[in-house]
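Below sits a lone chain in structure tokens, taken as the form predicted on its own.
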Amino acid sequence: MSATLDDIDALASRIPDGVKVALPPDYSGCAMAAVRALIKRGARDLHLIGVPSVGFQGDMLIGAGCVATVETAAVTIGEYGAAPRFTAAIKAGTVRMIDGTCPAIHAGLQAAEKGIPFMPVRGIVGSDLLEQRDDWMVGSDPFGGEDGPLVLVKAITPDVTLIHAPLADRHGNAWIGVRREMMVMAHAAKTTLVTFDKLYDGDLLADAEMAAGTIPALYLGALAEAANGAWPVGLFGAYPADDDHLRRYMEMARTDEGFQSYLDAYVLDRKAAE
């Protein structure tokens, strides 16, 4: 597999400081092994784009001081509650927040995917978000077929999309199944980096049952094998979230000292896989 890297650290090194990184939500394909590698490296000034939201991985990166800007519809760890390190950073003013909506995030990526400057969206009209976003404009349907105004959402082009997939093959293709947001993310980004759980024996694009859910190698910059690489948030169709660990994180990350203890135990000394 010529496009695959053996080393997670080498994959993470392809994400320079200061770039825009698109991340999927916790219920999709989170490259947690690569996120831990970014934290260990001491990544800085990242611009995170949550598609359309970001959870555990974003909170960890923010708490570790890796993030300057967050652009997303929400930062949440779902049923576990508000993201503690994100909340602390917002209160302290240490990260810049660019508020979006789920449809707007998807529309901006779709515009980049199609190579066009913007995508029209209807539902934001009347929202105070329009007062905060100088990269959104209100316009009208030039064909006269729509009643009322439209919001023109500027294309969102991530420098890097970072995802985790259940499978990849020796040709450099990655299977993401029904998680189509990751396909759009890969199309929209300048490059896409993928960690994956297992190596598929064959060509994913030649398998009629797998091809529709496969991102072709031409969209992927590099891949790295990482068994259980989405832990602790889980991976669709493969393994569930580690409930006990997520609750432990939420408790420890309530304070600066507790979060540092979490990093010491599960990231910095490579005990995260235990």
Partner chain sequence: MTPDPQADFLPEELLISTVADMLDGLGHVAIGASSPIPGGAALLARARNGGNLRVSMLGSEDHNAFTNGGTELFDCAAQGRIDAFFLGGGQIDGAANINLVGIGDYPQTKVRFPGSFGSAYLYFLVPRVILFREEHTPRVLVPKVDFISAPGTSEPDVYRPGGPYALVTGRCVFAFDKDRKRFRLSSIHPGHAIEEVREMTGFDFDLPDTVGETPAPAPETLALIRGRVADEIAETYPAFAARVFGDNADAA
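Positions refer to the first chain, counted from 1. No experiment lies behind these values; they were computed from the predicted model shown.
Although not depicted, the form predicted together with its partner chain is the subject of the following passage.
J.: Any chance all of Lys154, Thr191 and Met250 sit within 4.5 Å of its partner chain in the predicted bound form, going by non-hydrogen atoms?
T.: Per the other structure, none of Lys154, Thr191 and Met250 touch its partner chain.
J.: Looking at 201-209, 216-224, 233-241, 31-39, which stretch has residues with any non-hydrogen atom within 4.5 Å of its partner chain in the predicted bound form?
T.: Single hit among the candidates: 233-241.
J.: Let me know the one among Leu167, Val160, Ala112, Ile124 whose heavy atoms come within 4.5 Å of its partner chain in the predicted bound form, would you?
T.: In short, Ile124.
J.: Give a yes or no for Asp147: in the predicted bound form, does one of its heavy atoms lie within 4.5 Å of a heavy atom belonging to its partner chain?
T.: Asp147 belongs to the contact set for its partner chain.
J.: I'd like to check something about Glu181: if you look in the predicted bound form, is any of its heavy atoms closer than or equal to 4.5 Å to a heavy atom of its partner chain?
T.: Glu181: yes, in contact with its partner chain in the predicted bound form.
J.: My question is simply whether His106 lines the interface with its partner chain in the predicted bound form - judged by any non-hydrogen atom within 4.5 Å.
T.: Heavy-atom contact with its partner chain at 4.5 Å: present for His106.
J.: At the 4.5 Å heavy atom threshold, is Met119 in contact with its partner chain in the predicted bound form?
T.: Met119: no contact with its partner chain in the predicted bound form.
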